[in-house]
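Encoded as structure tokens, the following chain is the form predicted on its own, with no partner shown.
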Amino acid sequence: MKINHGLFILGLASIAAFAPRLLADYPIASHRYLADPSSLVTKDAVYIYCSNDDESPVEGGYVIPNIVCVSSADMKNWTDHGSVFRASESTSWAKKTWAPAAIERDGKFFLYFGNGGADIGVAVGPGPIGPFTDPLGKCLINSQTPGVLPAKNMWLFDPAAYLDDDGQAYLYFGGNGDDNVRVVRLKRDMISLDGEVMKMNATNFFEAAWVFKRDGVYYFSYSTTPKARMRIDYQTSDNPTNGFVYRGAVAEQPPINNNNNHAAQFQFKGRWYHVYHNRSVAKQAGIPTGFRRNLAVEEFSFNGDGSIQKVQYTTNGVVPIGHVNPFVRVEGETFNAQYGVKTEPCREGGMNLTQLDNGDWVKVAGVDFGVKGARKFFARVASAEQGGSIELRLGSLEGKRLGACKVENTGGWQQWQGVFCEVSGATGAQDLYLKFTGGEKPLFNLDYWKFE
């Protein structure tokens, strides 16, 4: 396990816990343990909000005191935005933030979360990564909310927000029983209920409620019970609150999971995706997998009758839908794959790569250098040790060497300076590797980079 030097905590954010070194681009955000994903799609990016397993005890127990967000503009490279809401610090009533879901309305972003399985809260912010605050000073829904009960062993968690074409918003939630699905209309402010909670039913319903709409049809997906193998099943209706008919499985139990399942489906730039969690990162790290989950994503399609073509799990099956522009600022915490890196809050805003040792690297997929190519490389770095070098290669770790940028001691792990180096040979769209080299001690931190 690496030692974090110069940890700098900002507000609600906290450093990612230990994660292993991975060599592939699956799972996504492989440097962190994240779970229970939900999606929010904007014009330029998709944001995935997650339960944070980084802080849960490895040997057992879900703590999950905060929500982590990652995003992508091309479905191959993912940016770690860190913790965007910590209930234990930003509310007076909640300690946990299980299975969050976000939605945008009237220029505001609303983040719903389960305080364990007891009640559901909401936070509001000006942008998709906040800052989020508690507008109510109390929960939005609990067991006393009209319409929630009667229910047998109801779990009040896993909220899923949906804004319909006619402007009506809904919140779906519940768990642990076919008759324990609940839905309620939200008022325009998105932080108050419009009427009583309504009851729904789903075959083998366990948890992970999610709703989306396609061609006038509402799709309600969810995780089935352990007896039903914890698949992600779905049902459809022409009404958002009733009349749902069971249609089958969206996806079977994910590989390297064999435990709780949670997923969301979304459309981004004309393609449909299924984001979920499994436990491949913990398995590769050789630690207990029960409470250390990680993110993954697949593309899927529909049949002519509107039914879902069952998701087929792959290790690298998602097609990139864009390229990275290297001539603008690219965050160090944006990458497709990694070896040995971690992230932490940056004093200058956002996150930065930290605990970089000799031989660590990140891969940025599909970097488009254009016809003219690049002549210089710039990076914003900090080091309290001996520094090192950022070696730039194309295609693979041993691929064409563009150049190497030397990093020296800057006087502190959050004392940032810019460094330059000349490069040559970078043209067209290629995968870029940033390989960090140097001595035995931790080398430096990386905030962002760009080419000229």
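In this text, residue numbers run from 1 along the sequence as written. None of these values were measured; they are calculated from a predicted model.
What follows is about the form predicted together with beta-L-arabinofuranose, which we do not show.
Using a 4.5 Å cutoff between non-hydrogen atoms, residue 168 does not count as a contact of beta-L-arabinofuranose in the predicted bound form.
Contact annotation: residue 207 falls within 4.5 Å of beta-L-arabinofuranose in the predicted bound form, judged by heavy atom distances.
For the chain shown alone, residue 99 is a contact residue for beta-L-arabinofuranose in the predicted bound form, at least one non-hydrogen atom being within 4.5 angstroms. When beta-L-arabinofuranose is considered in the predicted bound form, residue 68 lies well away from it, no heavy atom lying within 4.5 Å. Taking 383, 38, 51, 30 one by one, only a single residue has any non-hydrogen atom within 4.5 Å of beta-L-arabinofuranose in the predicted bound form, and it is 51. Of the residues 369, 162, 157, 234, just one reaches beta-L-arabinofuranose in the predicted bound form with a heavy atom at 4.5 Å or closer; this is 157.
Looking at 260 to 268, 70 to 78, 179 to 187, 101 to 109, the stretch with residues near beta-L-arabinofuranose in the predicted bound form, meaning non-hydrogen atoms within 4.5 angstroms, turns out to be 260 to 268. Shown here without beta-L-arabinofuranose, the chain has 51, 62, 64 in 50 to 73 lying with a heavy atom within 4.5 Å of that partner in the predicted bound form.
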